[in-house]
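There is one chain below, alone, in structure tokens, taken in the form predicted on its own.
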Amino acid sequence: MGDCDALIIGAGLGGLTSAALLAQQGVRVVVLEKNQRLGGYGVSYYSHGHRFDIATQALGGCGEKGIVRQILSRLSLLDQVKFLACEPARVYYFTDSGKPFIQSGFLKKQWYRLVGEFPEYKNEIKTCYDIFARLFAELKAIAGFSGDPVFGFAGNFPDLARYSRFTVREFFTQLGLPLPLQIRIAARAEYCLLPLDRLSLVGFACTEMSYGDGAWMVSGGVGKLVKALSCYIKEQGGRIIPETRVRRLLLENGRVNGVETAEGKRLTAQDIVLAGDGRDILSGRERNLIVLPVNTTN
């Protein structure tokens, strides 16, 4: 199969984005995908003349300063992908109220709607979203942190240090929020597929804040985003190999230097990016392995 500089395991949105950014820098990149179809959750299909986005119905980070728009701008792909704002983002019907709860994709509108329904908790709602914003900012800044990981972390990331073990339920309870208000703030928690007493506060805060500049759809289907990224990778000299399952990582003194596929073929690389669910191939001893979050829907 040959050698490369960087090997990406998984051709979902996260894997394709990583490969595109690396290829832009002149890195010889290869993407392996176990399925025939690329895109992971970013898949569209047609039925009876209608288009449906299977899992990624809405994206965050597509506003003027959003991370998705920034990446596409860096790759000069903005002219190929058009975003449409979903406003309202969703409408919920809860049993504790006779009227629908309209959820906005824009943070300021969402805040005003919550305060409008629960004016006596205005300060608590502000505190809640202020902490969400700080956690999100600290998590984004952690990539560039080069200080002491033991003694410098709490000083540079105080909210992450304080709330890292909190569940959403514990946090809401600490703020003294009533259950109806908790349900409305956490309406988007269904994306995380966990109940509030098991859902990480940091994880949920990042999900919520990623929609702070709106919930967006891709005009023509999210598959257009997948196509734009995959075409860009190939134009930059990268390779995408579908229907190729990785059986194991090749280790030498704790360093990953390649992979072996289910068909017994080997591919060597200087660095490996695991952009999918690779629990079956991880040993925990890998030193140069970059692991992306499994769910990149947001």
Ligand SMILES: Cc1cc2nc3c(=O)[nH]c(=O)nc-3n(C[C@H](O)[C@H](O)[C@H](O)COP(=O)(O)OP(=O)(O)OC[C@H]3O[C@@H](n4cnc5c(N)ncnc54)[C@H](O)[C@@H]3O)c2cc1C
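Just so it is clear, the structure is predicted and the values come from calculations on it, not from any experiment. All residue numbers are counted from 1 along the displayed sequence.
Just so it is clear, the following notes concern the form predicted together with the ligand, a form of the same protein that is not shown.
- Site annotation in the predicted complex: the residue of 246, 273, 269, 240 reaching within 4.5 Å of the ligand with a heavy atom is 246.
- Contact with the ligand in the predicted complex, judged by any heavy atom within 4.5 Å, is made by just one of 129, 101, 191, 83: 191.
- The stretch among 71-79, 191-199, 154-162, 107-115 whose residues place heavy atoms within 4.5 Å of the ligand in the predicted complex is 191-199.
- Although the partner is absent here, residue 256 sits far enough away that none of its heavy atoms falls within 4.5 Å of the ligand in the predicted complex.
- A residue is said to contact a partner when one of its heavy atoms sits within 4.5 Å of a partner heavy atom; residue 34 meets this definition for the ligand in the predicted complex.
- Although the partner is absent here, residue 20 lies well away from the ligand in the predicted complex, with no heavy atom inside 4.5 Å.
- By the criterion of a heavy atom within 4.5 Å, residue 227 is excluded from the residues contacting the ligand in the predicted complex.
- For a residue to qualify, one of its non-hydrogen atoms must sit within 4.5 Å of the ligand in the predicted complex; none of 4, 24 and 65 qualifies.
- If you take 27-64 and check each residue for a heavy atom within 4.5 Å of the ligand in the predicted complex, you get 32, 33, 34, 35, 39, 40, 41, 42, 54, 55, 56, 57, 58, 59, in sequence order.
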